[in-house]
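Shown below, as C-alpha cells, is a lone chain in the form predicted on its own; questions about how it binds or moves come after it.
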Amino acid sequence: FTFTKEEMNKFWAKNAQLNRPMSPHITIYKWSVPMMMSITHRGTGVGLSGAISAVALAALVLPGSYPYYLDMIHSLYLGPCLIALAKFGIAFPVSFHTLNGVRHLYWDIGKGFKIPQVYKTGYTVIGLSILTSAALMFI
C-alpha cells in the first residue's frame, strides 16, 4: 500500500494544522515507575555490555598486566570517599540489572502484572539495588 505525494502532503498538512508531533515522543507521557524502570534496565544493560567489552578489549591490547594497572590506580591516592563512590557506581548497575532481570523472569511466568504489583516490585528492586550496592561498596 503506497501513498501518492498528494496524499502525503494532505497528511502532513492536517498534522501541522492540529499541532501534532511528528511521532509520539517521551515528553507527551506522564512519567511512572514502570517507565523509569524499563528505561533504566535497558540503559544498564547497554552500559554493562559496553563496559565489559571495553575492559576485555583493553586487557587484550594494553601492555602490562592486571597488577600493573591496579598499582597505578593505588598510586593516584584517590581517598576513601571517591573509591567508595566509584565502587557504588560499579555495583549499582550490576545490582539493578540483575534484580530487575529477576523481576522480568517473574513476569515471564505470568505473574505480577497487576498495577499495584508492578509498582511494589519496582520499588522493591530499587530499594534492594541501593542496599546491595551499598553493601558491595564496603567490600
Partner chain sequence: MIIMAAVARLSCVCRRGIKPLLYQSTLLPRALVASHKYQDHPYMLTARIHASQALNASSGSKAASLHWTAERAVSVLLLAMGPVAYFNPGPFIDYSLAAALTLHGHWGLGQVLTDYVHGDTKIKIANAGLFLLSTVTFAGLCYFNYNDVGICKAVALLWSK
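Residue numbers count along the first chain shown, from 1. None of these values were measured; they are calculated from a predicted model. Whichever C-alpha set is largest while still superposing within 1.5 Å between the two forms counts as the rigid core.
Just so you know, the form predicted together with the partner chain exists too; it's not on screen, but the next bit is about it.
Inset, instruction - Please run the contact check for M37 against the partner chain in the predicted complex: heavy atoms, 4.5 angstroms, yes or no? - result: It does not: once the partner chain is placed as it appears in the predicted complex, M37 has no heavy atom within 4.5 Å of it.
Legend entry - Heavy atom of I28 within 4.5 Å of the partner chain in the predicted complex: Output for I28 is no: heavy atoms all beyond 4.5 Å of the partner chain.
Inset, instruction - Verify the contact flag for Y66: yes if a non-hydrogen atom of it lies within 4.5 Å of a non-hydrogen atom of the partner chain in the predicted complex, no if not. - result: Flag for Y66 set to yes.
Inset, instruction - Please check if V102 has a heavy atom lying within 4.5 Å of any heavy atom of the partner chain in the predicted complex. - result: Yes.
Inset, instruction - Enumerate the residues of 79-98 that have a non-hydrogen atom within 4.5 Å of the partner chain in the predicted complex, in sequence order, or give none. - result: Going through 79-98 in order - heavy atoms within 4.5 Å of the partner chain in the predicted complex - the hits are I83, K87, I90, A91, H97, T98.
Inset, instruction - With both forms fitted on the core, give yes or no for whether the Cα of Y123 moves by 2 angstroms or more between the shown form and the other one. - result: No, Y123 moves less than 2 Å.
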